[in-house]
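First, one chain by itself in structure tokens, the form predicted alone.
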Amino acid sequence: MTRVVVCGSLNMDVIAQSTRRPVAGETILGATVSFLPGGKGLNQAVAASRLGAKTAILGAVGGDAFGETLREVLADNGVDASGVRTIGKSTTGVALIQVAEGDNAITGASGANMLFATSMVGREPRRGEIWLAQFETPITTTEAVFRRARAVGARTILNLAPVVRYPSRLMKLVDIAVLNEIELAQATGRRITPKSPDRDIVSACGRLGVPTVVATLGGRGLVIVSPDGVTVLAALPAKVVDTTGAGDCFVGALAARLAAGRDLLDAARYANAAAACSVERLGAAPSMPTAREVAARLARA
């Protein structure tokens, strides 16, 4: 098995659970609040590590208590955090998450995440490794890292989340792109909804300029567009508690399975099952399943 290296964000998630979301100007009482580790980079690294991959993360935290807590979480989950830099004059990233009716809305305060510069990347890619990034850290850093990875024969996965403006040349450095239907619509300018036919999803994927695109569609499942053709996988049944981090779970599981030498379709099926496990628990990083749990879910499929 090769190593998964995640270049990405680390946040403390402040989660408020309520029966519904307030409308503008309204106050709702009776919510419960949890402080849980998150950030797309941390979530994906924890997911990959729990599923058996040797995993490292590169990123930045602030010189505060949240940053120390996140380092402890990574250590507890077997993730190599030696590449996480502490920026003393900044704050650790925070995500404010409203959970209601099994869905979520997120507001992020990037803090140290957006200060993670190329000069802070202390690890060089190696041939065969899986290098994974998202859009919660500077694009210039991601581009530089992916360029190095490609130069030595490492495999690159980009999770286009959340969608921001990016140079088209970045896509030429990406082997696999993963994004949901909202992100697909934003990245391509196409009108994509949860009810869009598969042909519209496939057409939009083709506009990204990436050899392989995986479009995750929530409860509907996912569509894979690759040089081998188009594959549609249905979502697995789940008792949804909180969808926060489900996409990150999918990406981390996909990377872990590819690092284990599995092909794309096998990795996608595995990641689909992992995501189904994750939505049945509260939180992002804490909801990431173990290999045993994913195997049990696949056995019931």
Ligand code: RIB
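Start at 1 and count along the sequence shown; that's the residue number. Bear in mind that the values here come from a model prediction, so they are computed numbers and not experimental data.
As for the form predicted in complex with the ligand, it is not shown, yet the points below apply to it.
- Proximity to the ligand in the predicted bound form, defined as a heavy atom within 4.5 Å, singles out one entry of I201, I224, A95, V174, which is A95.
- Put simply, T244 is close to the ligand in the predicted bound form: some heavy atom of it is within 4.5 Å.
- The ligand is not drawn, but in the predicted bound form it has no heavy atom within 4.5 Å of S278.
- With a 4.5 Å cutoff on heavy atoms, A100 does not count as touching the ligand in the predicted bound form; it lies far away.
- Remark: G252 does not count among the residues lining the ligand in the predicted bound form, judged by a heavy atom distance of 4.5 Å or less.
- Contact with the ligand in the predicted bound form, defined as any heavy atom within 4.5 Å, is confined among 263-271, 53-61, 229-237, 40-48 to 40-48.
- Along 283-300, one residue reaches a heavy atom to within 4.5 Å of the ligand in the predicted bound form: A284.
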